[in-house]
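Take a look at this single chain, the form predicted on its own, given in structure tokens.
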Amino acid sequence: MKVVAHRGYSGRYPENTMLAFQKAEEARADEIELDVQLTKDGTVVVIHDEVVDRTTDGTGSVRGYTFKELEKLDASQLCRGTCPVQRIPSFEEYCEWATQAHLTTNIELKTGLVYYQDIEKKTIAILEKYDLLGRVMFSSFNHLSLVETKRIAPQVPVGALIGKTGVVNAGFYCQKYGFEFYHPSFDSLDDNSVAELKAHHIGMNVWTVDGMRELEQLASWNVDGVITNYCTVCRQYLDGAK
């Protein structure tokens, strides 16, 4: 079962920053989950919310800023006073770092509320530049983005992100549309839904799991990955369970 660092090591460090990614690697995460959006001038950037208010000292929508303007914001607001000032990274900065990091990346396309024009194409072009297509997967709540990703780069696996209620017959659904993975909330799974997914040979990366009860259950189901805010705790549990 892979340890997938949710927005980096977000339980202790500012989410979706280079510091959080570096600390996730130090904590021996297997994979980093991050979110990408587009700026006003078309730069692919790493940030979760469509607005900057929660995670930075700025206000307004990501798409309302140029990248140079975004770089001026402090992205360490969730850990104010406990870590150095952090910046919103470009996806290219992340990829340059990832070429030397010993982990894979789950890229969430944030196209559910804002459908950024050509974000799939732009993101894939950066991955190609850094020769990272073989070390990534894509996920999204907007499954049309996954279809578009498959059209451009059919060799890259994708995961259908689903809200907390889940989807009945998710394995059949994912298999029908060529999605190799299903990314549900832990609360939406039970023995029957897991069995149905396995019957259709669909992998599972489950979000967002930080408790021991949930970890034990996922281990018993033998899912592919656990998406967690606290990758050290998850790594220690899995190492001890071997």
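Since the model is a prediction, treat every value here as computed from it, not as a measurement. One-based numbering along the sequence shown.
The discussion below concerns the form predicted in complex with SN-glycerol-3-phosphate (G3P), not included here.
Peer 1: Would Phe172 show up as a contact with SN-glycerol-3-phosphate (G3P) in the predicted bound form if we use heavy atoms at 4.5 Å?
Peer 2: Heavy-atom contact with SN-glycerol-3-phosphate (G3P) at 4.5 Å: absent for Phe172.
Peer 1: Ile227 versus SN-glycerol-3-phosphate (G3P), in the predicted bound form: is there a non-hydrogen atom within 4.5 Å?
Peer 2: Answer yes; at least one heavy atom of Ile227 falls within 4.5 Å of SN-glycerol-3-phosphate (G3P) in the predicted bound form.
Peer 1: Any of the heavy atoms of Phe186 lying within 4.5 Å of SN-glycerol-3-phosphate (G3P) in the predicted bound form?
Peer 2: No, no contact at 4.5 Å.
Peer 1: With heavy atoms only and a cut-off of 4.5 Å, decide whether Lys198 touches SN-glycerol-3-phosphate (G3P) in the predicted bound form.
Peer 2: Heavy-atom contact with SN-glycerol-3-phosphate (G3P) at 4.5 Å: absent for Lys198.
Peer 1: Every residue in Lys2, Glu25 and Ala101 with a non-hydrogen atom within 4.5 Å of SN-glycerol-3-phosphate (G3P) in the predicted bound form?
Peer 2: The answer is no; none of Lys2, Glu25 and Ala101 reaches SN-glycerol-3-phosphate (G3P).
Peer 1: For the interface check, one of 164 to 172, 78 to 86, 148 to 156, 107 to 115 should have non-hydrogen atoms within 4.5 Å of SN-glycerol-3-phosphate (G3P) in the predicted bound form; which one?
Peer 2: Going by heavy atoms within 4.5 Å, the stretch is 107 to 115.
Peer 1: Sequence order please: the residues of 134 to 150 with a heavy atom within 4.5 Å of SN-glycerol-3-phosphate (G3P) in the predicted bound form.
Peer 2: Sequence-ordered list has one entry, Phe141.
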